[in-house]
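Consider the single chain below, provided in structure tokens and representing the form predicted alone.
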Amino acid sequence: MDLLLEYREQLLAGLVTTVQLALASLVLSVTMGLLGAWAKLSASRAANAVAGAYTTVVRGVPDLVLIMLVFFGGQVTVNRIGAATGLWNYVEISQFAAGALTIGIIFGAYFTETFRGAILAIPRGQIEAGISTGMSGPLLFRRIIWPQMVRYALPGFGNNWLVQLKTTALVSVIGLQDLVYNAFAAGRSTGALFTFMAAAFVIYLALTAVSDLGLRALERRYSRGVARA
């Protein structure tokens, strides 16, 4: 316990980085998921093909491989394009940016299917009724599609978020000083690796527990007025 107190600032800094990374990647993944769901449900064959290729490729490659490809290969590619075109000088992609971008893209593929299934679960008659009353596209989305989509998507959304939160630990491999990285470094320097990994275990468990409580509150809010079997 004394060791944990001695390294508390290092662990707290890692925790803050982990939460920031998870939230940044969540914003991107939700955005990608909404765009992907729209593309898969659109009448455009090109949009369907692009969204289908995106979800197939991303879900078929290990997360760690994609993170390393973006961090190492992405930086080389960006700088080669800059050198060839003369549009920019040397660009360095940080571990945080690479991790947030990659995790956001990865889970955007999963959110695509979650949101697509939720939209398909909305009774078609309600959407047609909104159209018949003269609702514009944005108004129809805000008043009819969005509230029900959230209710249907929340179980899958919650599962994706909890997995996404734990996936942030992979970014420690490319040197981001998150919770796992700092706990591992402290454990190696003190010879108490088990103690610090156990602390990381407890902290991740607490994060997922708090997330679960928040998701349950959201589910109750969006289920108001809905009859349960």
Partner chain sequence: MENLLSWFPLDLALIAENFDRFLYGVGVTLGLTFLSLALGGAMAVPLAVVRASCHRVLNPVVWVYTYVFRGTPLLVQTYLLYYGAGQFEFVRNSWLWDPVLSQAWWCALIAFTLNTGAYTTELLRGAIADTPKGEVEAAIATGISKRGRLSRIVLPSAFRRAIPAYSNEVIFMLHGSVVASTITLQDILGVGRWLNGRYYLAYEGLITAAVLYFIIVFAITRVFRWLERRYLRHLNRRREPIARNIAPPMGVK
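Positions refer to the first chain, counted from 1. Bear in mind that the values here come from a model prediction, so they are computed numbers and not experimental data.
Not on display, but discussed next: the form predicted together with its partner chain.
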I'd like to know if residue 47 sits close to its partner chain in the model of the complex, meaning any non-hydrogen atom pair within 4.5 angstroms. no
State yes or no: in the model of the complex, is some non-hydrogen atom of residue 20 no more than 4.5 angstroms from a non-hydrogen atom of its partner chain? no
If we define contact as a non-hydrogen atom of the residue within 4.5 angstroms of the partner, is residue 118 a contact of its partner chain in the model of the complex? no
Is residue 155 one of the residues lying within 4.5 Å of its partner chain in the model of the complex, judged by heavy atom distances? yes
Residue by residue through 201-222, tell me which have a non-hydrogen atom within 4.5 angstroms of its partner chain in the model of the complex. 201, 204, 205, 208, 209, 212, 216, 219
